[in-house]
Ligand SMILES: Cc1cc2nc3c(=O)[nH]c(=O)nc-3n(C[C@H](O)[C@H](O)[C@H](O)COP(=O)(O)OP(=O)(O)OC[C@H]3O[C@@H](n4cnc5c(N)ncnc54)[C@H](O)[C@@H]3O)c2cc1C
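Here's a solo chain for you in structure tokens, the form predicted on its own.
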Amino acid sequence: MIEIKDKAKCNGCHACVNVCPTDCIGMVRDSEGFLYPKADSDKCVECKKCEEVCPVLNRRYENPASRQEGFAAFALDETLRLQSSSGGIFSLLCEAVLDMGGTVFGAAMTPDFKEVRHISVNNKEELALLRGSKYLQSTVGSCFKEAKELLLSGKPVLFSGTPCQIGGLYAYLGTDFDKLYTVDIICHGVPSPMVWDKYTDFLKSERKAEISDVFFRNKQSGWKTYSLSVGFSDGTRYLKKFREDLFMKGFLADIYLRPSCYECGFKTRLRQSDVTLADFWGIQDIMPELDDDRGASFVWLHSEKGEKLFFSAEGKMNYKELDAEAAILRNSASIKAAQIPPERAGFFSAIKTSPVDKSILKYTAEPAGMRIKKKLSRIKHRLIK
């Protein structure tokens, strides 16, 4: 029977939930808002499958056939590109699998915009639900089971998720399938759903209206200076650049990430997925000819299947091969886990009694000396320029 004693050793992938033959495992939120498995001892038959399938307890991270091919790419469809977080390549890969008669699994926000859950889609119209970054951990639910049933019936499946979710999927399946295509992302880490829940309540109380849409990566001010965009039922809109929005500041400061994110073993060059997608940060220095500040994807291919899937969209994208290592080094989250900030414990203690906006502001505030130093550096940079 699975029992979580060290929360840093559980990434919440749901593999144990999907493999349990008696359905005795449920996912329960802790005081920080993260989901962890909890078994019903009355229904447990002590088969140990939940422990055996865990991708953290049984480290099966690396794909020995993993490649290191890299590309800069973006979709030629400008509308699609604008609606995407980076270059729109994820949607093109999904469309290719749907054209095969397949099913795509990915993360979508719930109608109330409080949570993110994994769902399956079978047509291109529904792909909009999966498009765009969601800075929350999705609840996988029974999607591993559903994907396996489709694969056993001979249907193509594209399964997208964080690296640890892809690790959980392969651990559950126990093997690869010819018609399975896996796509992971370069993941910064997953923030507390409880903090997002409180933050949306804060935004609604400020506007005195319900939320009608959320887009974490609005490009109105450009791709590199993206904004959090939240629409409201009264027609108004909240729009702030990521450096100014409180939720994004706390997330990027690593203050309320899941404990396992600080010890992530899935941040490795030898990925299990067929394709890794990310923003191509630093493209203005490495490939300035492809940089128009409307979004570009770093496409990192790891398998022959991934290569074939990528090139199946050849006529729909602009792309150029590059040294994958150059892009990896520009995005440290690809191979380096977040560090636990000393403010984390204080933040989670404060949020129990203090408003979420004040708690985030308090624990992300820079010392006065640091603010002055950065301001002087910016002035110096402008003068030199």
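A quick note: this is a predicted structure, and the numbers were derived from the prediction, not measured. Residue numbers run from 1 along the displayed sequence.
The protein also exists as the form predicted in complex with the ligand; that form is not presented, and the subsequent description refers to it.
Undergrad: With heavy atoms only and a cut-off of 4.5 Å, decide whether residue 192 touches the ligand in the predicted complex.
TA: So residue 192 does not count as contacting the ligand.
Undergrad: So in the predicted complex, does any heavy atom of residue 281 sit within 4.5 Å of the ligand?
TA: It does: once the ligand is placed as it appears in the predicted complex, residue 281 has a heavy atom within 4.5 Å of it.
Undergrad: Can you work out whether residue 182 and the ligand are in contact in the predicted complex, taking contact to mean some heavy atom pair no more than 4.5 Å apart?
TA: Outside the cut-off, so no.
Undergrad: Mark residue 96 yes when one of its heavy atoms lies within 4.5 Å of a heavy atom of the ligand in the predicted complex, and no otherwise.
TA: No.
Undergrad: At 4.5 Å by heavy atoms, is each residue in 157, 273 and 309 next to the ligand in the predicted complex?
TA: None of them does, since no heavy atom lies within 4.5 Å of the partner.
Undergrad: Can you work out which of 228, 264, 143, 277 has a heavy atom no more than 4.5 Å from the ligand in the predicted complex?
TA: It is 277.
Undergrad: Which residue, 121, 290, 116, 203, is the contact with the ligand in the predicted complex, using a 4.5 Å heavy atom cutoff?
TA: Looking at the other structure, the residue within range turns out to be 116.
Undergrad: Taking 4.5 angstroms as the heavy atom distance cut-off, pick the stretch from 309 to 317, 206 to 214, 147 to 155, 83 to 91 that is near the ligand in the predicted complex.
TA: Looking at the partner contacts, the answer comes out as 83 to 91.
Undergrad: Give, in sequence order, every residue of 132 to 152 that has a heavy atom within 4.5 Å of the ligand in the predicted complex, or say none if there are no such residues.
TA: Counting only heavy atoms within 4.5 Å of the ligand in the predicted complex, the contacting residues of 132 to 152 are 132, 133, 134, 135, 136, 138.
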